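Shown here is one chain on its own, the form predicted alone, set out as structure tokens.
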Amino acid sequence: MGFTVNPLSPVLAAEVTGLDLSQPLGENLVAAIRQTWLEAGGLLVFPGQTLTTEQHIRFSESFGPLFGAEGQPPLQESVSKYLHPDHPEIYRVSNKMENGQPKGREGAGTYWHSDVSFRQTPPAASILHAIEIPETGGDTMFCNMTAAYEALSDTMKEIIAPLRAQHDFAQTAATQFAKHNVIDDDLHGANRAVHPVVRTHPDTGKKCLYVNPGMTTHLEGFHANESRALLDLLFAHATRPEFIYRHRYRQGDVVMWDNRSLMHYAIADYADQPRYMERTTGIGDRPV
């Protein structure tokens, strides 16, 4: 089974057609998809897919273990109410209700971030299935942190090369989660990690920025105002338009992105139009 690849922007993303992800994939095809994903900057779009939840999980597991799978750690306690009741590998993003309760987390990810970067071993791939989408709005923006790093001056690269930054769920909770959704234990160190500001991608060997506004609190060894100034500079640089691809969803899209080299921002501009998506999250390695 072959497939066709169509670039979606000069800096990031490609569309893959000719595949039915509901069918089992052989090792050679999985390897070809992985290589295409890396060459596309870490973002692939598979349009027109019709997947059951089980098929979504099976496809995702082709690329490594998933948070919530048997024998693997859960994604996070504070999002447990938004996990699929029968499949804890699935995080549900939705503004729909079910039996008087939210079917998923509404307005998830409405800030620049890399998924769950506050873990010691943060995620690799996230794979989202767009099951129901609004007529207008609800796009997601992605930015290429490898391209952003490469565009820095040599002097700035030297300055940030040895730096490390703290990532903490407490920052996300303070601004993005309603207080009653936060589990106290999530704020007491289990979801806090220090990572290099510049990480080396384990598959491509390329360097990329690894800080994000939603979860990175400060740089180690700096005064607060110094840390804030440098982080804000990096955030503003990374989210320049030339490093961004904006995806407009179609029903059935499967979007696979690399949290190790991308940030993303879900745009909450669809008001009360129904939106329902399911996401798996692959377990990555410790950034170096």
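Residue positions are given as counts along the sequence shown, with the first one as 1. Keep in mind that this is a model prediction, so the values were computed, not measured.
The form predicted together with a small molecule exists for this protein as well; it is not shown, and the discussion that follows is about that form.
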item: Any non-hydrogen atom of residue 104 within 4.5 angstroms of the small molecule in the predicted bound form; value: no
item: Contact flag, residue 266 vs the small molecule in the predicted bound form, heavy atom cut 4.5 Å; value: yes
item: The small molecule contact at residue 140 in the predicted bound form, heavy atom, 4.5 Å; value: yes
item: Contact flag, residue 257 vs the small molecule in the predicted bound form, heavy atom cut 4.5 Å; value: yes
item: Heavy atom within 4.5 Å of the small molecule in the predicted bound form - residue from 46, 67, 245, 249; value: 249
item: Among the candidates 93, 198, 124, 90, the residue which, in the predicted bound form, approaches the small molecule to within 4.5 Å (heavy atoms); value: 93
item: In the predicted bound form, segment of 108-116, 82-90, 201-209, 155-163 with a heavy atom within 4.5 Å of the small molecule; value: 108-116
